[in-house]
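What follows is a single chain, given as structure tokens, in the form predicted on its own.
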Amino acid sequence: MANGLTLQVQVVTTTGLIYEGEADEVVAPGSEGQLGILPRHAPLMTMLKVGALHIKHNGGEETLFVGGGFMEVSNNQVIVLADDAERAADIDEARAEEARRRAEEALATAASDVDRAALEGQIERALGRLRVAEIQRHRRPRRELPSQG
């Protein structure tokens, strides 16, 4: 950024740190819509839904899949506590498509509302991974941020 201010970003799941680094901007799938976070953003705590998390810095961009969770913004720091997260470049599309297909087949014979809700969540996460992988595939060639974390 022209003013030299950046955001410190961490994306964490129960399995550990997925991403850590600086950013000029973070765009997140908030529960009420897309959220753009810039340096000096007001303090914020929000729920995230399944979708793409974009981390932009020095003309590069890293896209991650997040499977819901929470995001806290405070003092130029963005912390994402994700239920599930994966770098777009690491998504196995065939595996995500197979997970979607299996969950849809199981949904057709699900016996309870609890089973149906769990299977619908699996379908939503698989479709989210596929959408994020598609974003990555169709992105103009750009410099990605260095791997960290």
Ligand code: ATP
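Remember, predicted model here, so these are calculated numbers, not experimental data. One-based numbering along the sequence shown.
The next section is about a form of this same protein that is not shown, the form predicted together with adenosine-5'-triphosphate (ATP).
S.K.: Could you tell me if residue 86 has a non-hydrogen atom within 4.5 Å of adenosine-5'-triphosphate (ATP) in the predicted bound form?
M.R.: Close contact exists here: in the predicted bound form, residue 86 approaches adenosine-5'-triphosphate (ATP) to within 4.5 Å, heavy atoms only.
S.K.: Counting only non-hydrogen atoms and a 4.5 angstroms cut-off, does residue 96 reach adenosine-5'-triphosphate (ATP) in the predicted bound form?
M.R.: Because a heavy atom of residue 96 falls inside 4.5 Å of adenosine-5'-triphosphate (ATP) in the predicted bound form, the answer is yes.
S.K.: Even though the partner isn't displayed, in the predicted bound form is residue 82 close enough to adenosine-5'-triphosphate (ATP), meaning a heavy atom within 4.5 Å?
M.R.: Because no heavy atom of residue 82 falls inside 4.5 Å of adenosine-5'-triphosphate (ATP) in the predicted bound form, the answer is no.
S.K.: Is residue 92 one of the residues lying within 4.5 Å of adenosine-5'-triphosphate (ATP) in the predicted bound form, judged by heavy atom distances?
M.R.: Result yes; residue 92 sits at the interface with adenosine-5'-triphosphate (ATP) in the predicted bound form.
S.K.: adenosine-5'-triphosphate (ATP) isn't shown here, but in the predicted bound form, which of 28 to 36, 56 to 64, 96 to 104, 109 to 117 has heavy atoms within 4.5 Å of it?
M.R.: It is 96 to 104 that comes within 4.5 Å of the partner.
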